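Have a look below at one chain only, the form predicted alone, in structure tokens format.
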Amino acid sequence: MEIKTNSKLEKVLKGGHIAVSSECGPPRSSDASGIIKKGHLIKNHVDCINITDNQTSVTRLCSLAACIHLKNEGLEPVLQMVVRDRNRIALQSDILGAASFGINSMLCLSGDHQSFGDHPKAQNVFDLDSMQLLQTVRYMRDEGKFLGGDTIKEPPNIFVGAAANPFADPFKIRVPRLAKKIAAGAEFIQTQCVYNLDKFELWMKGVVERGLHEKVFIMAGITPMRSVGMAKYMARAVPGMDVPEELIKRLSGVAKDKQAEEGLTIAVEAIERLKECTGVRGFHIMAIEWEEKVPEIVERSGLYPRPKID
């Protein structure tokens, strides 16, 4: 039996619309005003807003609290949850906590290794992996039970998703890995930033050949480049990122004060092309500390206005 949640993202996707999500990182502070401001900047141009969970293993305001702040402002948050920092007791507890505040969408992630962050000697947990977290949310929601077997009086009503990286090596396991996440319970997928459009389309061809696009909603990740320096850094230092040399040359070919605008144009062109790619059902726009540009990207890409969902 299919269980429908109160997730706006689910309603947009199942309504046949091209979905648009974005992302905000919480502050390194107990003052939530900054993330509330970011949320209001983009609220009319996206269907929901992902809140990252101590991204890059740097300590920040927790994702759950930030989601609650946005929910209280009438916005639609997506809770990101990593398995790096919590055991199965804490994970299930936070899932219930999110549901109790009407947070109806969640993205299940592994989390960056702690050696990348501000506490490199921190003890990681990984009691469950990201696929087991998917299974946990679905078990709690669909079966109404905790992992220990006890019944949940009011199960969490959550639309559950996962991340996918079409560009990581070896490429040949990328589609089978997606199939495993779908089997584990993923209902939507947000991908790594897409710069190599040819390779992404090749991945999507494999997805379609296996019929996976009919089992999950795939949202392509879009991150605009602010400069050629950013492009070079992402190509060199960010694991699993595929930034073609042609893109770097294109940014290098414009004046320094025009590179940000060119980066926005590249992002818009990517969306316009991928809108025609079979199986792509939406876009996840990750404008890192550049949220004010999300409305422009959405409008220039022909994705505005957003559908009205009750």
Partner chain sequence: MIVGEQKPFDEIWEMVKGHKQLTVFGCNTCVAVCHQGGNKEAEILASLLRMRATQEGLEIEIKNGGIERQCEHPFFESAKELLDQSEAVLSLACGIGVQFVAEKYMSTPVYPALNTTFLGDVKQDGFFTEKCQACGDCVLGVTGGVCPVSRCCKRLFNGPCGGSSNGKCEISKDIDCAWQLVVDRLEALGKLDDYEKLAPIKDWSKDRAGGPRSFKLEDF
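Note that the structure is a prediction, hence the values are computed from the model and not measured. Numbering follows the first chain given and starts at 1.
There is another form of the same protein, the form predicted together with the partner chain; it is not shown, and what comes next is about it.
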> in the predicted complex, which of the listed residues (His213, Arg138, Lys71, Arg174) lies with a heavy atom within 4.5 Å of the partner chain?
Replying inline: Arg174
>> Quick check on this chain: which one of Gly229, Gly144, Gly240, Gly97 has a heavy atom within 4.5 Å of the partner chain in the predicted complex?
In response: Gly240
> So which stretch, 218-226, 100-108, 201-209, 120-128, is the one near the partner chain in the predicted complex (non-hydrogen atoms, 4.5 Å)?
Replying inline: 120-128
> Can you check whether Ala184 is within 4.5 Å of the partner chain in the predicted complex, heavy atom basis?
Replying inline: yes
> With the partner left out of view, is Ser115 within 4.5 angstroms of the partner chain in the predicted complex by any non-hydrogen atom?
Replying inline: yes
> Any of the heavy atoms of Asn165 lying within 4.5 Å of the partner chain in the predicted complex?
Replying inline: yes
>> in the predicted complex, is there a heavy atom of the partner chain that lies within 4.5 Å of any heavy atom of Ala90, even though the partner is absent here?
In response: no
